[in-house]
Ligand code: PCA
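Just the one chain here, laid out as structure tokens, in the form predicted alone.
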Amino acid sequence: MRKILLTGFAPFGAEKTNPSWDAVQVLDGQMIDDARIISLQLPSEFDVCLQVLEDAMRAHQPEVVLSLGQAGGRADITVERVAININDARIPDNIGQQPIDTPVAEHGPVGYFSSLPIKAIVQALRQHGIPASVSHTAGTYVCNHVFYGLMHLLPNHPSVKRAGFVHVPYTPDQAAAHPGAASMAVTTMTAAIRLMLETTLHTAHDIHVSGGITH
């Protein structure tokens, strides 16, 4: 059976929940075509998160790996284009680590591009009334750490044909504690994730449309 590994994060910072996990866990065990979704919560901890991720990749040998994280303050679902080989933590992770200006992988390349059909995904989400855009930075915290680490692991996991990272906004409950912040319902995020996975499985080559920015 084909498998899809879907990951979200445990809460971090002052947050009591993490929308990436809230949205992901609902899909555990569901099917898309003939592929079964396996949902996994990653710890919001540098290095440990990658070991948990690699253990799951080795155990399940998925065809697609889609990792998601929280990007409080963003107004839409942002499909990440590139991961960079740097850790530069603004705040400590959940076990107090705060790496500054360190590489995710020693001697690794400067960056990796997502292998998801990122523009087709954005187009599909927008066509279904879900705000979405291409993002050109996954930050320098644990989300980027996982994105870069995931792509760096792929040569050792030939079952994986496509992999990448997506950020989701706060939930309304979270946004209530951050005046002025945008939010999105978890049910909308979950619907968006299914649509992203369907698009990934059904799109052989990404579409050629602009997803760039001017600044």
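Everything numeric in this text was worked out from a predicted model, so none of it was measured. In case it trips you up, residue 1 is the first one in the sequence shown, and so on.
Just so you know, the form predicted in complex with pyroglutamic acid (PCA) exists too; it's not on screen, but the next bit is about it.
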property	result
T171: touches pyroglutamic acid (PCA) in the predicted complex, heavy atom cutoff 4.5 angstroms	no
4.5 angstroms heavy atom contact with pyroglutamic acid (PCA) in the predicted complex for T200	no
Partner contact for S44 in the predicted complex: pyroglutamic acid (PCA), 4.5 angstroms, heavy atom	yes
C143, heavy atom within 4.5 angstroms of pyroglutamic acid (PCA) in the predicted complex	yes
Candidate stretches 63 to 71, 174 to 182, 50 to 58, 26 to 34 - the one whose heavy atoms come within 4.5 Å of pyroglutamic acid (PCA) in the predicted complex	63 to 71
Stretch 191 to 214: residues contacting pyroglutamic acid (PCA) in the predicted complex, 4.5 Å heavy atom cut-off	none
